[in-house]
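As a starting point, one isolated chain is supplied in structure tokens, in the form predicted alone.
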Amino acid sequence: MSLVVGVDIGNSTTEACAADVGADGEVTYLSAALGRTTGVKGTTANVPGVVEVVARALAAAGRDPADVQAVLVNEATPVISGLAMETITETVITESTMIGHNPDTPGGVGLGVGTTVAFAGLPDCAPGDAVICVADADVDFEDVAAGINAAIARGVRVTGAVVQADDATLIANRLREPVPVVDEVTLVHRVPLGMPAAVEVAEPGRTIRTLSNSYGIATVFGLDPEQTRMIAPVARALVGNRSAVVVRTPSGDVTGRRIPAGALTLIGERAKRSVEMDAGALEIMETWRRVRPLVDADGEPGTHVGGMLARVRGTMAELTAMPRDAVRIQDVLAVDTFVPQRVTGGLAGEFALENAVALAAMVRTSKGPMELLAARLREALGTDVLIGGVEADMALLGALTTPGTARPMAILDLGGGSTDAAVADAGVAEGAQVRSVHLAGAGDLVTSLIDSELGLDSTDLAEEIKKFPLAKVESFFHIRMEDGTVRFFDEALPAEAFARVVVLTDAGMRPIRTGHGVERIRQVRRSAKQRVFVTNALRALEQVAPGGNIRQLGFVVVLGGAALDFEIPDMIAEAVSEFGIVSGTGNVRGCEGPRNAVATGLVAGHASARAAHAEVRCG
């Protein structure tokens, strides 16, 4: 028996499988190990990570490193992927006609309509005038409340207030008559005075109804159809807010405009087409289908996409010492999304959800750097290092050790930067070449979508939201899970988690400090996974299936780190069920789950080659 170690160098993790292989090809699997990939996959920077994971696998098997006959590594050609976000719409306010934000504690409830008046001008208002008081932070909340009460006592109809300080509740609680009060308006000095305005505050737990409705604004200000069309972006920007102010100015305007996002040029083997980024993801991917197989892509200089593709090329050129113009883009994936963007011309830091397109791109180079990596590994390990078969082929061999699988079978290897797929037909011998494809877009793109659509500005938090379920802390001793079940605790929960949505990570609860509810966060998470993983799974299977017909595939085994996700395997199984395909998470060797497929396949392929060699020699 010969002791061998199969090593799979991935984009994020490096896996090892130790086994004894007999001369007749009999395999006794001993142990497995997992570690972080050091450096970029397929480069000499991988050496420390490989050395560590091999040592851990041998230690788990209780074997001496000096007994190792060979270390088998996959053809880990470097893969570099990049992400870019192009915002293609923008809300622009001129002459400051809108205030729409969500202060934590607006005061009062209801809709107030009147003319904007500075606090100092309240004594000059005549009885019967309908006014909205505007006060800056220099005026104390008690003075504001006293001034409004005095005006009301004189017969002035004070219908609302807009204040700069965080005093709305303090003011509302001291008024003789309840009126809506919006606070924390940073640029209150830019609120136009002497103009018709409307202030609306909804009850706790509800959102505004009138100022988020185009026809509600038209009713308040008596607008004609053309003016209503112009004010529509205001209503759209205020949807979901608990409080808002709209001020009508003679020449003020709020418009929604499209931002030129540049063009993406896709070059196929037989065709070349350009598509505008602002056409949206559907049109971009339809253009990709018309030119595939893709041999290169280019982005318009000066745009986010052009910059991203240039960075990807430059990184690969540095890693492989290839000329920059020799690096080719192998695949792209476009996804429609929404990005919170600051409203141009707003007075309180307002944000509006703007249309955007996220683009993932990937380049892959030759296996030349692998030869150098293998040489460095021989020096570091002091044993023979063999470059095994193509990664997808080896993953198939490893996946076939999953109980209940048979050919024809396809695998989906879902990683951080890319999605791999391969298929083995019923008559293909083990170790033979199989059809495989390598596509851009996987876990990193999902994380980016969650981060941008929820406005988190935290990749770490977005990653946790992607990987773990949610809950709402309803008391210090119980939470309500996202599926509605309730979980109780013997000890009090942390005070910072009270009444917040939390992520239930392996390390404990992590509060999500946004105004989004459980349902909204869950919807964004699942939608991002659908748009990336499910889309790419079907896109990949279509390319590797016989004749492009997914129905010809009997089994699909999901592998890789994303296969451990609590939602993704079920989403993919549901998507392919209509094609009559059995799909599920792989269980390599009946014990490793979706991990270790390539490392196991390297050992299986090596054993098969030894057995074939023995047969030839015996013959």
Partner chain sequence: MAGVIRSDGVGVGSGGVVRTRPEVPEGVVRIRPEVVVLCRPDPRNRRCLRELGAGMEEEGVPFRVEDATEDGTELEVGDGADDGTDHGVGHGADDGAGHGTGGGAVELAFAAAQASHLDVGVGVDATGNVCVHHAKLPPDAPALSGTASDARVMGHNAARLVVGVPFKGTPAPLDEWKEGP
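Throughout, rigid core stands for the largest set of C-alpha atoms superposing within 1.5 Å between the two forms. Numbering follows the first chain given and starts at 1. If you're wondering where the values come from, they're calculated on a predicted model, not measured in any experiment.
FYI, the form predicted together with the partner chain isn't displayed, but the following is about it.
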Taking the partner as it appears in the model of the complex, which of 353 to 361, 169 to 177, 400 to 408, 290 to 298 has residues with heavy atoms within 4.5 Å of the partner chain? 169 to 177
Using 4.5 Å between non-hydrogen atoms, is D393 touching the partner chain in the model of the complex? no
So, P127 and the partner chain: in the model of the complex, are they within 4.5 Å at any heavy atom pair? no
Quick one: does F498 come within 4.5 Å of the partner chain in the model of the complex, counting heavy atoms only? yes
Partner proximity in the model of the complex: P323 to the partner chain, non-hydrogen atom cutoff 4.5 Å: no
D104, D140 and P204 each touching the partner chain in the model of the complex (heavy atom, 4.5 Å): yes
I need to confirm a contact call. Of P233, G108, G415, G112, which residue comes within 4.5 Å of the partner chain in the model of the complex, counting heavy atoms only? G108
Which pick from L372, L386, A492, A150 sits with a heavy atom within 4.5 Å of the partner chain in the model of the complex? A492
Which residues in 374 to 393 have a heavy atom within 4.5 Å of the partner chain in the model of the complex? none
Core-aligned C-alpha movement of I411 between the shown form and the other one, 2 Å or more: no
E542: after superposing the rigid core, is there a C-alpha shift of 2 Å or more between the shown form and the other one? no
Is the C-alpha displacement of K472 equal to or greater than 2 Å between the shown form and the other one once the rigid core has been superposed? no
